[in-house]
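Only one chain is given next, in structure tokens, and it is the form predicted on its own.
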């Protein structure tokens, strides 16, 4: 496929569109945003180098004006699941674009395979479900700030903060590698500065590090350096919306006790029917006395999932003040990450960034040539770096050459090679073979195939 930018139409100029449009434009794509609000469209075209069309994205006239006949990709991310599905259905009738729809409703999620096949969708995105999957992974290993999964679950990358007095304080990364087989430190953040480290980089307490390894190997490593590796036994969730349902459902299936605090009595009844094993408390989670009465003092984990960022932040700060609970905070707005990072919020989840990762991965995979394909993409450290997994196909320029003989771009690190479901933390003598997958960590953006890591 040509390396030209794709022609992409996005219907719905909300928060998700704002998250991805500038990135798509920066990566050379021709983007058109459609929305019924002329003020919003004017703001988009003023702030981003994209086209704007005012109109209903479910009508042929509007889609024709947006260029549906020649579009490569069509993304519907309005607030309505039904409108997103309708937009994609109509777009398929008048063009050959790959269609992507945001669908949040759990009822639709249970039929996702059917909807995708019958409507010809390339992808269905559920931000709340994906966010809660990430929250659940963190609660299974609460000492981690973040956990990303690779190689179909055979490997993970975890983010940790090195505490005062830890064994890693003052140790070079090469020393860590000698003492811990199958573990690689891929990135280090210190005083707001992000580094892709070499072996002589010396770690310090307060550093935030990302580690690539199999689950077995990183659990052994964490025990070695004094971290707790036990998952939580219970969690308290503030708010009873869609995300709360998804999270509670996953945790209950894993044997974790769940309490949900929800102010709407009708929704409480719905949750009681949907989640009979959960404890549902009718009340305002912002009520300090109610939280104390519900047992926040003794909760092992606390996840505020109200619809208001500010309330989520205050609730987390209160929980950390009165308990030792592992906190995971959902944040919708991404423009204040610098301020949020200075607060002691525990793990922070941005559903909009998770959605953007999914879309960017698909867009870049569409641009890739036959030598490799992008399988996984995570934006890490507030999108200042990326962790990408590529499958390596016949004809790739990097196969069967020792890594020490390849010329890599600066700030590129190979985290692991997945060879027939065996995870290899590579040395200079290792080679990449056809059929392998390779995880790369880099501060570069826009890589679409494995050869992009080379000079």
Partner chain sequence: MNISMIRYILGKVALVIGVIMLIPCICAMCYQEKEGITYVIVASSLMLAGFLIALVKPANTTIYLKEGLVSTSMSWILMSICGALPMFLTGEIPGFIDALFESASGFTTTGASVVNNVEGLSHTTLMWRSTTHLIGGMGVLVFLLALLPTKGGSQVNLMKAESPGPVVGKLVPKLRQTAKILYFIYLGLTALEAIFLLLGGYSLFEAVNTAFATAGTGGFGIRNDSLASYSLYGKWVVAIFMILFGVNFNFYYFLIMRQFRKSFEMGEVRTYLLIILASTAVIAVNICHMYSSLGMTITDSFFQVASIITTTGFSTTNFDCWPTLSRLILLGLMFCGACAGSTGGGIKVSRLMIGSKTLGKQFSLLLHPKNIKKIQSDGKAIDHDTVRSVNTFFVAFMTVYILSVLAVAIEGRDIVTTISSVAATINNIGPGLSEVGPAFNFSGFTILSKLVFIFDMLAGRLELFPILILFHPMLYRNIAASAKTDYIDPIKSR
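Residue numbers count along the first chain shown, from 1. Note that the coordinates shown come from a computational prediction; the quantities given were computed from them, not determined experimentally.
As for the form predicted together with its partner chain, it is not shown, yet the points below apply to it.
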Residue stretch of 423-431, 408-416, 394-402, 26-34 approaching its partner chain in the predicted bound form, non-hydrogen atom distance within 4.5 Å | 26-34
Would residue 56 show up as a contact with its partner chain in the predicted bound form if we use heavy atoms at 4.5 Å?
-> no
Could you confirm whether residue 50 comes within 4.5 Å of its partner chain in the predicted bound form, counting heavy atoms only?
-> yes
Taking its partner chain in the predicted bound form, which residues of 52-82 have any heavy atom within 4.5 Å of it?
-> 65
